[in-house]
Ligand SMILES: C[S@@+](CC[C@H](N)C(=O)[O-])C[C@H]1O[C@@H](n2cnc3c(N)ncnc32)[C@H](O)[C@@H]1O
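The chain below stands alone and is given in structure tokens; this is the form predicted alone.
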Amino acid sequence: MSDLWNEGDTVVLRRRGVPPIVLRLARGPQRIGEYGVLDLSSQLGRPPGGTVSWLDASYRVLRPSLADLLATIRRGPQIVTPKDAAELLFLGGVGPGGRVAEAGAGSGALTIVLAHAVGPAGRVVTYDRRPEFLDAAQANVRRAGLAERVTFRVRDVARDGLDETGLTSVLLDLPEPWEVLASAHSALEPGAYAATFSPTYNQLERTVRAFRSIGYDEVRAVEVLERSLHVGDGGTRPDFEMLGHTGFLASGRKVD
């Protein structure tokens, strides 16, 4: 990654108290949603952190964080929340240079997390049986500037299995993840992990039984709950509301 802005780089405009605006750096004016037109040509060749005036306000031009990318995706199908995505990275053993397969692309939120985690040397193959979902995910990944790390395939992996081998991780966000775990076991390299996301107890039970019957080791099932804290001088307490149940996560490791 260059220390200076180049045409085509993904940038985020940040101003205190205002939602992030993620866009690609290009020459000439470009329309920013319904807000208006902005010309960032002056930033080319400059280091990140500069300022630009727009709509009578000053914005910093920064490299987007993962939080910025997830906050600005265009949603269609329900996304995997950040709390679950972070745990899935851990359960799935996803890291720099990984070769990852994901099934159930949805809006592409988890795809962006995976592409960010594997880095420039890694690769993500994401599947969905519905072309319109895959198109939406691909558009969001492209907007995030991570398209070169991801391959998109229309495929019903519950019926046809995975068509990859030598994978370091498989992540499944499907109604029937148990139908893919045998194929995932064959596709994974020794020592690699598969991880799943399921909304209901019945799905979790069938998934864990499949993990065990196929012969995965280190089988785990967890739920992640998130509660913010209201912090004040001498008055810190938990917030009354919390981000509770979103889904159950399960994982297993190919050892034999």
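One-based numbering along the sequence shown. This one's a predicted model, so the numbers in the text were calculated from it and none came from an experiment.
One more form of this protein, predicted in complex with the named molecule, exists but is not displayed; see below.
- Contact check for Asp84: no non-hydrogen atom falls within 4.5 Å of the named molecule in the predicted bound form.
- Taking the partner from the other structure, the named molecule in the predicted bound form has no heavy atom within 4.5 Å of any heavy atom of Val100.
- Contact check for Gly119: no non-hydrogen atom falls within 4.5 Å of the named molecule in the predicted bound form.
- For the chain shown alone, Ser107 is a contact residue for the named molecule in the predicted bound form, at least one non-hydrogen atom being within 4.5 angstroms.
- Contact annotation for the candidate site: Arg129, Arg155 and Leu174 all lie close to the named molecule in the predicted bound form (heavy atom within 4.5 Å).
- Of the residues Leu89, Val80, Leu146, Val125, just one reaches the named molecule in the predicted bound form with a heavy atom at 4.5 Å or closer; this is Val80.
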